[in-house]
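To begin, one chain is listed below as structure tokens, in the form predicted alone.
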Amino acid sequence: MKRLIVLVFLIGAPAFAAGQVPEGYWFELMAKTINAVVFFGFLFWLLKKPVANALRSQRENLTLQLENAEQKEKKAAERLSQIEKRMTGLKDEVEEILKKTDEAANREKQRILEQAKLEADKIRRIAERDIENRFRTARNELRKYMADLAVEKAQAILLEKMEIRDVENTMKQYLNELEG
């Protein structure tokens, strides 16, 4: 209200300072001022509740949005924390899986090496038996060959030194042995 009075005086100040105030100026100025006060008062009274409600609604809406944003931020921070924990856990799990895989690979390598050694021993034993059998066979063939050679040599010597009568006697003696 004080501001309105100061405003009225400020509007009339130039005319008053010039020394020429028309007749009825103050009455007209007061009437216009009262008219303006009534108009703006009515306008204020008319718009006070809707504007206040709109501002309050907007403030409540902004407060609600701010609370929602804070809740979402807290949830996001919790989710991020959970994800970081899972990532740490996954890193540990990956390391554990790699460790187990290495151990399994080493065990499999050892098993394969042992199996290869067994196979090599088996092949060596088979080869030794084969060599031994071939050696035995070669020795028997050599003995047989030597025996055949000895018989041929003996036969040749006997045929040279034996006479027909000795051959006949030997044959008779052989036949008697077969009959008896």
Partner chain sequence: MASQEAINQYARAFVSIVSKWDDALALCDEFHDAERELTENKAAVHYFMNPSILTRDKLKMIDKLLMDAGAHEIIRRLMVTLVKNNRFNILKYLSEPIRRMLYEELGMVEVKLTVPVTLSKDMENRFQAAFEKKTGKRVILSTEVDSDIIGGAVARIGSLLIDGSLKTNLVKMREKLTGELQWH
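What you see is a predicted model, and the numbers here were worked out from it, not measured in a lab. Residue numbers count along the first chain shown, from 1. Rigid core (definition): largest C-alpha set, two forms, superposition within 1.5 Å.
What follows is about the form predicted together with its partner chain, which we do not show.
Heavy atoms within 4.5 Å of its partner chain in the model of the complex: which stretch in 25-33, 138-146, 120-128, 52-60 meets that? Going through the listed ranges, the match is 138-146.
Does the 4.5 Å heavy atom contact test between Ala154 and its partner chain in the model of the complex come out positive? Output for Ala154 is yes: heavy atoms within 4.5 Å of its partner chain.
Look up in the model of the complex whether Ala69 has a non-hydrogen atom within 4.5 angstroms of its partner chain, and give yes or no. Contact with its partner chain, no.
Does Val37 reach its partner chain in the model of the complex, with heavy atoms at most 4.5 Å apart? Outside the cut-off, so no.
Contact label in the model of the complex: Ala150 to its partner chain, heavy atom within 4.5 Å: Residue-level check for Ala150: yes, a contact with its partner chain.
After fitting the rigid core, is the C-alpha of Leu158 off by 2 Å or more between the shown form and the other one? Where the cores coincide, Leu158 shows only a C-alpha shift between the shown form and the other one that is less than 2 Å.
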